[in-house]
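Quick setup: the structure tokens below cover two forms of a single protein chain, split into structure 1 and structure 2.
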Structure 1
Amino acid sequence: MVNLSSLSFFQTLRAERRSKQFAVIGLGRFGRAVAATLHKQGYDVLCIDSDEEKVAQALSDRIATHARQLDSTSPMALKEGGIFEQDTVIVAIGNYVQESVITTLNLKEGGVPHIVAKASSEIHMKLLKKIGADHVVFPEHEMGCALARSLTRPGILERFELDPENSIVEVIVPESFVGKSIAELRLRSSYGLNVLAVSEDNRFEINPPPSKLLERGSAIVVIGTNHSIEKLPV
């Protein structure tokens, strides 16, 4: 779901045109995935962990520009390691609440412009926000919600929550929709939904015309309220 309170954070990131430097603290699966993706996109990534083997592995796997072993709960170690000089720091040690909170506080007091932190619980998330994390992610919670939705509504392939009441979803064309045009289905009046795209030959046609026929095995992308989406026969 889009966190509206974090919009200013992302707007600030977008507004800054200078070359960004990233640091990732914590080289578990989440931290490694973030570091690898950033590094693959050509960004300067500094990886940090207290475990020497994980640091060596990050360098060996080439998911970081630089990697250092240090204790992130120590402000002096962070300063000497050049962490306070980074544009954005991702605190990926969500499973260790105390270390996560102390590290985030150290980064805030050290003047890091942008701090992103991983939370492992609702309370952890509130603590991170309270001490100044600019953006907090809760991946386990989000993945759990997505899995539950996919098990109960298998016809919905992807879901992007705009806010608690509205979403954009990609759904398999329901059997009752096959062979009918968008105009015939009257999705706006019948379901309160607007069609954004229709798949065809492994590609999506954006803003399809009302005469577009829906085929079996294809997908449509619609936007609307969650209540309206739940009425779809998927």
Structure 2
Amino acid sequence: MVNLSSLSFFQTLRAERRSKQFAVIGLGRFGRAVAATLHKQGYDVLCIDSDEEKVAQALSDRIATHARQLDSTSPMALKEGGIFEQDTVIVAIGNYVQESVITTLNLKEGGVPHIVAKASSEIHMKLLKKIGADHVVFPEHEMGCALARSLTRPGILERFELDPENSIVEVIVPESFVGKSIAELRLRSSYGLNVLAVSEDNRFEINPPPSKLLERGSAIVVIGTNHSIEKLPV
């Protein structure tokens, strides 16, 4: 889910016309995945770690355009390393809260326009937001929540949370809906849900008519409150 508070961050990122440059600080599993994906998409990626071996590894694995060994808690080292000139810097230091917080503060004071930081706990997340990180992710928490939801509602294939109360979900057509039309099921009046799309032969029909019959094994995409979605039969 993209939190509404992060909306302005993504809006400003999108509005930037010049070619984007990224720096990733911290080459653990998360930082390496971010760097590798950006690099594969053809972006300029500068990788930073205090550990010489991690820096060498990033270069030999070709997940970075450039890589430097430096201690990001030192503002001078960041300045000399050219980090303050980057458009977007990702702070991927999870386990060392103090280092992560100091690094984020340094980047903020150095005038980096877009700062993304990875948190490893609720309090870490709060600290990063207070310091001024533009976008904070907490992958272990977010993945844990998503996994629990997919285990308890296996019929829900995808969920896009619009805000804490409302979602768009892709669900397998419940058994009791098979052979019935959207109008007959009265999804809007009985469940408070609007059907956005129905799958047929590996593609979706968008805005299906009320007469559309739901078939076994198909998927439907609906929008509504989480409460209404929970009421759907499994």
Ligand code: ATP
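Residue 1 is the first residue of structure 1, and the numbers go on in sequence order from there. All values derive from a computational prediction rather than experimental measurement. What we label the rigid core is the largest C-alpha set whose atoms superpose within 1.5 Å from one form to the other.
### Task
Report the structure number, 1 or 2, for the form predicted together with ligand ATP.
Pick structure 2; the other is not the form predicted together with ligand ATP.
### Query
Would the C-alpha of residue 41 be classed as shifted by 2 Å or more between the two structures after rigid-core alignment?
It does shift by 2 Å or more.
#### Entry: Residue shift check between the two structures, rigid core fit, residue 62 Cα at least 2 Å
Yes, the C-alpha position differs by at least 2 Å between the two structures.
### Message
How about residue 52 - superposed on the rigid core, does its CA move between the two structures by 2 Å or more?
### Response
Yes; residue 52 is a residue whose C-alpha shifts (by 2 Å or more) between the two structures when the cores are overlaid.
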